[in-house]
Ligand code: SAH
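Just one chain is shown here, as structure tokens, and it is the form predicted alone.
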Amino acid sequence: MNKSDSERIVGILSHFGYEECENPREADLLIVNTCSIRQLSANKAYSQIGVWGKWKKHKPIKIGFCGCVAQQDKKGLLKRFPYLDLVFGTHNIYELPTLIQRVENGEKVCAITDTAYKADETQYHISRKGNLNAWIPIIEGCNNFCTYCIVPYTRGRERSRDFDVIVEEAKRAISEGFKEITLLGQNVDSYGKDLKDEKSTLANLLRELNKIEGKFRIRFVTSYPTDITDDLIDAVDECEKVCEYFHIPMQSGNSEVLKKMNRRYNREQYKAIVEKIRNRFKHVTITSDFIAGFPGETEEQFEDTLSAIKELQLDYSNTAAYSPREKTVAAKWIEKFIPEEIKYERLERLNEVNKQASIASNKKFVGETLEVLVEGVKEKDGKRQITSRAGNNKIVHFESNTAQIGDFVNVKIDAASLWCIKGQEV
């Protein structure tokens, strides 16, 4: 989502005479787009603008700070970093033309609102990187208020984009040569609930996008487990362009911990969803997210997370140690915080089980033939080494004398390693 926001910010700026430059030392305007999911990413952003603040002593540059940390810290950023010229939140991207004009007139600006700034977003160019994957947000925000998560406070409540606007954006991307479109949302399968019309569901959107002419793929992330409907599974099955890939964060394998996290499912319900999907698709991969050391988590409860990864045969998971976020409910449970050394020891064990799951998943595909999209080509020892991605999101390496970036190629898998699979072009 942040990458997509950055592409839109650069596109908006291009309408007002700005051109993106490779060397930040040459820039007149520098903007850091931030994420507040974990403290580490916020600290990196603070450090970056600290460096830029020193540059400002020698060159009259303008410095901006945006994204989720901006939405959270607001005017406090201008006080803490007096060399900042512009602070704007997640709801204010399309207000940028006015904000930039104010900054260029010498004003220090902080634009943070709790509701989205209304603008005709279709009038602005989107400065997408490369020509393979186009990121298309379809819904922003979250209504779930998990006790550990800052997203509802930084991204606001769920807001779906207009069905027809999304379809037109996808058509433009495909006409520009993109080979994949990825539909984005904090809860992507909640799309359309706030629009209250029968057409606007993720399942129907996938069906409509599948009708677009051309050879390309469709992905969607991230799914909330209990929002994965039978109709959505049917749509993935019906639509040949939609990838057999589901990212479904579980967060914990223990039902009691899930309840404390304010997740709307237990272990058994999550298992039933995973089994339903696996029984439907031959080459599907299912990935997840897990938190180690949630406040009050016992050793026995943590071991339930390890066993869930094995039992459900999850193909890969993003993992993190619990990081308290200001404003969230769990951040107030200080007396239940897990000691840092225990928390990171659990994370280490979680990562080891995740590695085992990854290689077991990769081995399942040895002997299978997968269609892949070529993402990279390099010469090594006189041979052309190809990096590609299968529809189920597996990274596939193979050799080819003819394959080019953007090509779709069939590859028979003959070897598996920890993070990728390898094969021969067929």
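For every residue, the number given is its place in the sequence shown, counted from 1. Note that the structure is a prediction, hence the values are computed from the model and not measured.
FYI, the form predicted together with S-adenosyl-L-homocysteine (SAH) isn't displayed, but the following is about it.
This chain lacks the partner; the member of 38, 44, 384, 363 within 4.5 angstroms of S-adenosyl-L-homocysteine (SAH) in the predicted complex by a non-hydrogen atom is 38. Interface residue among 281, 224, 94, 216 relative to S-adenosyl-L-homocysteine (SAH) in the predicted complex, by the heavy atom within 4.5 Å criterion: 224. Interface membership of residue 303, defined by any non-hydrogen atom within 4.5 Å of S-adenosyl-L-homocysteine (SAH) in the predicted complex, is ruled out. Although the partner is absent here, residue 316 is not a contact residue: none of its heavy atoms lies within 4.5 angstroms of S-adenosyl-L-homocysteine (SAH) in the predicted complex. Not displayed here, S-adenosyl-L-homocysteine (SAH) is kept clear of residue 308 by more than 4.5 Å at the level of heavy atoms in the predicted complex. S-adenosyl-L-homocysteine (SAH) in the predicted complex comes within 4.5 Å of a heavy atom belonging to residue 263.
Exactly one of the stretches 172-180, 101-109, 79-87, 243-251 approaches S-adenosyl-L-homocysteine (SAH) in the predicted complex with heavy atoms within 4.5 Å, and it is 243-251. With contact defined as any non-hydrogen atom lying within 4.5 angstroms of S-adenosyl-L-homocysteine (SAH) in the predicted complex, the contacting residues in 186-218 are 186, 187, given in sequence order.
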